[in-house]
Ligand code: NAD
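The chain below stands alone and is given in structure tokens; this is the form predicted alone.
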């Protein structure tokens, strides 16, 4: 039985990733790990361990003693939250990665997944159909840490043969777990407000286009990448990944088509500057060519599922 550890399992991605991995590999094969003292109800179908990604000694001891073969390292401080605490964001986003990379270099871990982000791009990056290989001058501590992490992942692969794989996630949209302080969070919150209040105030301007993805696609992409033969993985920094791109106004129009009384207004805050530095859309042709990636949800399909499942 392959033993898989998901560090940061209680976050927006982690919760759904653990459940999907347990469906595929068995409940006991996938160990959820997070800072919480108690395992959340939704993850109680399998093992849980309290773990601080910055506690290097504990992480090393647990992985070595339990013969963990695969690690999904999701613990991070996201874009908007990281801007409020840049020193801690840098520590969390980088030191945890080194702990896992070093364990793999020493032969304790066979395979690593570490998420990157569209935050690696910046205002000098081509904004439309952003290429896989392009200018990256990020303006946030989150983006800087992810760009640095990509370089280190590639270095450990080239220098030590570490099998590390990564995706530059766009904004992720889900009804099963709440987001954790990202600039794209409006695209989740809007559905809760639509159902409970019939109106929403957006912290981005109406014409701010950003790359987005329904969580089901993101989880499927993550597992497909990790399960692909190593020789197919040509990029060891991080793959571009695209789902759908839209503006708040376009998203609101899709919601209004199904809920005619819905209203939206706009009050841009500090997150507007972050969003303005990111791409409008992503070219993910390398992921398609190398390991067969293809998104299944467009904006209309995603909106329909979200409105059907979000509770008011």
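Numbering follows the first chain given and starts at 1. All values reported here derive from a predicted model rather than from experimental measurement.
Below, we turn to the form predicted together with ligand NAD, even though it does not appear here.
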Could you work out which of 263, 27, 69, 52 is the residue within 4.5 angstroms of ligand NAD in the model of the complex, going by heavy atoms? 52
Which of 194-202, 220-228, 125-133, 109-117 sits within 4.5 Å of ligand NAD in the model of the complex, heavy atom basis: 109-117
Considering only heavy atoms, tell me if residue 149 and ligand NAD come within 4.5 Å of each other in the model of the complex. no
May I ask you to state whether residue 10 is within 4.5 Å of ligand NAD in the model of the complex, using heavy atom distances? yes
Non-hydrogen atom contact residue 58 with ligand NAD in the model of the complex at 4.5 angstroms: no
Contact flag, residue 138 vs ligand NAD in the model of the complex, heavy atom cut 4.5 Å: no
Neighbours of ligand NAD in the model of the complex among 55-82 [non-hydrogen atom within 4.5 angstroms]: 74, 75, 76, 78
